[in-house]
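Consider the single chain below, provided in structure tokens and representing the form predicted alone.
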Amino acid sequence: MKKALLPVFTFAKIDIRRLFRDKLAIFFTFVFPLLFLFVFGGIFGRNNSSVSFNVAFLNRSDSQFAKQFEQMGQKDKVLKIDSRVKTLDEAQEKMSRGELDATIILPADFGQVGAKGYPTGQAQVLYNKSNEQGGQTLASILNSIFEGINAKFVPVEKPFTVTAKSTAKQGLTQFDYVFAGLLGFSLLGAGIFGPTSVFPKLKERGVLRRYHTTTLKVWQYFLGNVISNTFVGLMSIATMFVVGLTVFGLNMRGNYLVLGLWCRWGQLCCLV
């Protein structure tokens, strides 16, 4: 049995070395799928799930409350304040070029203590018509912040309230669905540089004809080629999974062993 399997593993090693010496095969088997992974991962990855706004912050008030509010805005992850903008003209110029989503303006009387004994004021969110949705969303966020501040100064009893509860189950993201398509693309790439490209070249060179003069069996050569393609294909898939899990936070569902078997079956179908 060992003598029968020795040619199988010998041809498997030869095929693996052949692929790693072929720069074009390495590119389409490993590099090309990773390029697509980084492109679509950058679009649908987890880092894009958080909402943020590029804004200019113009504080025209000298009140202590306005200064504290400005400091709070600089620490907020939602607001990315461009500290280089000092005037309204500069802010409008950057908004017209799409560099800023909106401008937050605190008027001179913002935060001044009124007759009722607590600070008052009205902040203004300035945005272009082309980014109306973003401006209104930012205004809604600021309004929610002010409602929390208002509740500290003027407590109001609310007859109706709402509560939210998590299911404690992480759902699939857009990237998880995109990754499945990229995985199929990687299997196709592995199939292109498998037997479908090797056998015709060997036949043109007369290598297959010479094999008939040896004691090599057809099943031995075929099995060796299957083993080599399985090894290379699983390496390509493993590389994609490592990048997907570590860089883009891929949410893997199911068993890796079953996935490996299905990927191998898919690769064989691509070869056929």
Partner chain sequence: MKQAKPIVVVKSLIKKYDGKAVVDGISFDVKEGEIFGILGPNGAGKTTTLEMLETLRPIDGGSAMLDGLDVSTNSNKVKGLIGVQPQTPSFEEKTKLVELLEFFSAAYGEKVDAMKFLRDLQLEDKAKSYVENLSGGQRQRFSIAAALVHGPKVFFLDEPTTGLDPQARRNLWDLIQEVRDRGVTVIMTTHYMDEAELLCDRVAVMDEGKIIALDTPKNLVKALLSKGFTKSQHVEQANLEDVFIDLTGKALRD
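The structure presented is a predicted model; accordingly, all values stated were derived computationally and were not measured. Residue numbers count along the first chain shown, from 1. For clarity, a rigid core is taken as the largest C-alpha set superposing within 1.5 Å between two forms.
In what follows, reference is made to the form predicted in complex with the partner chain, a form of this protein that is not presented.
Taking 4.5 angstroms as the heavy atom distance cut-off, pick the stretch from 243-251, 26-34, 56-64, 216-224 that is near the partner chain in the model of the complex. Careful reading of the contacts points to 216-224.
All of 3, 6 and 14 within 4.5 Å of the partner chain in the model of the complex, heavy atom check: Yes, the whole trio is in contact, each within 4.5 Å by some heavy atom.
Does the partner chain come within 4.5 Å of any heavy atom of residue 139 in the model of the complex? No, residue 139 sits far enough from the partner chain in the model of the complex that none of its heavy atoms falls within 4.5 Å.
Quick check on residue 202: any heavy atom within 4.5 Å of the partner chain in the model of the complex? Close contact exists here: in the model of the complex, residue 202 approaches the partner chain to within 4.5 Å, heavy atoms only.
The partner chain contact in the model of the complex: residue 211, any heavy atom under 4.5 Å: Residue 211 belongs to the contact set for the partner chain.
Is there a heavy atom of residue 207 lying 4.5 Å or less from a heavy atom of the partner chain in the model of the complex? Residue 207: yes, in contact with the partner chain in the model of the complex.
If we fit on the core, is the Cα of residue 68 displaced 2 Å or more between this form and the one not shown? Shift of 2 Å or more: no.
With a threshold of 2 Å on the C-alpha, tell me if residue 222 counts as moved between this form and the one not shown once the core is superposed. Yes, its C-alpha moves 2 Å or more.
Any CA movement of 2 Å or more for residue 211 between this form and the one not shown, core superposed? For residue 211, whose C-alpha is compared between this form and the one not shown after core superposition, the shift is 2 Å or more.
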